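Listed next as structure tokens is one chain, alone, in the form predicted on its own.
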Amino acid sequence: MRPVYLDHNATTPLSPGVAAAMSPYLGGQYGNPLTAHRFGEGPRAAIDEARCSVRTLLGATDDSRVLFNSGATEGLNHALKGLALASLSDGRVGARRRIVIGGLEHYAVSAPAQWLADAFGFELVRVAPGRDGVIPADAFIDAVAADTTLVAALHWANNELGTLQPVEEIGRHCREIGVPFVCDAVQAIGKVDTQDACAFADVIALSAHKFYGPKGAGALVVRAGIDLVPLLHGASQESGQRGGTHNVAGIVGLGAAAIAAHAGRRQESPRVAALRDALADGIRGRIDRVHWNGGRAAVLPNTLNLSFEGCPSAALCAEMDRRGFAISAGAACDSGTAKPSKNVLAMGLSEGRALTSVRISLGHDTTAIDIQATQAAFAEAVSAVRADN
């Protein structure tokens, strides 16, 4: 049997259609898009088309800026640092000094927010999730005040648990009171409806490799009227917001992946959700002492986070890998550590649950046969790991 890849939240394979769209810009269409001669015309037009594709995916207006970058880590750093540094007066923090983030944020949000607090004295407020893995909207809104809050940031979906967060309710409240709202939409693209994202989010970050595009390509969508200090100073690329020669092939790939994600979501999301539920039912029918972390909340259609009592996460992942099944012990950025899942702990669950949690994330290539084989593999792997512990 072929190896079964169930780690799509870490990264997705490059779609053949996306690879085909990129191909001309890895060869003959090599011109710099900012040059005035004919060699720049094709790349320049392709970048413009990719911007339109991203706007369509997120429901952005024509006056919104689509800033291409290396991915969401750069984009989220740019969003938080750009807003914060633009607010300084003579290097000092003003009255609006509070940064409010969710308690389950990716390091690309929590780390720059902490840096801003440490380096400049901004007040950082983290809103804790409930035991369902969801940040309570009322608690987040209570932490945001028009006269003291500089920026609020919340991810649309948790990369490890898959839990969907109340971004629309919080974003609309922030817009009503004039507080910029930054949304990490990395895990949401192609899985949930993002067409109205720009109606409630002022800055949105995404990475192409999370929705079958290339690694090293991302975008930050910025609503008109939101001022950011550039993160990378240089020449005039990206409206002066991000210096450096364009990654034309990567940008074209991002645009092609955005079109495919927009077109295919309605059919693909229900399909993988049914497979995920069948996998959860099959595992819990075969194996005792299994817990679905975040299962009480609305979750991404492709994501399943389970704790297997008596099975350390790393040992279970290794045992599954030996059988040809790729899963992960938490988020990819934490891979290889023996630490308990920070997200499971943040939910108020036990360290035992956090030390035995694994993430299974399905994708376009996942089939019903894969799900049946995965159920059997888990039963064997859990039995083997428990026997050794």
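Heads up: residue numbers just count along the shown sequence, starting at 1. What you see is a predicted model, and the numbers here were worked out from it, not measured in a lab.
The next section is about a form of this same protein that is not shown, the form predicted together with pyridoxal-5'-phosphate.
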| item | value |
| --- | --- |
| In the model of the complex, segment of 278 to 286, 195 to 203, 235 to 243, 100 to 108 with a heavy atom within 4.5 Å of pyridoxal-5'-phosphate | 100 to 108 |
| Partner contact for residue 303 in the model of the complex: pyridoxal-5'-phosphate, 4.5 angstroms, heavy atom | no |
| 4.5 Å heavy atom contact, residue 71 to pyridoxal-5'-phosphate in the model of the complex | yes |
| Contact flag, residue 78 vs pyridoxal-5'-phosphate in the model of the complex, heavy atom cut 4.5 Å | no |
| Residue 186, heavy atom within 4.5 angstroms of pyridoxal-5'-phosphate in the model of the complex | yes |
| One residue of 248, 311, 222, 157 in contact with pyridoxal-5'-phosphate, assessed in the model of the complex (non-hydrogen atom, 4.5 angstroms) | 157 |
| pyridoxal-5'-phosphate in the model of the complex - contacting residues of 199 to 235, heavy atom within 4.5 Å | 207, 209, 210 |
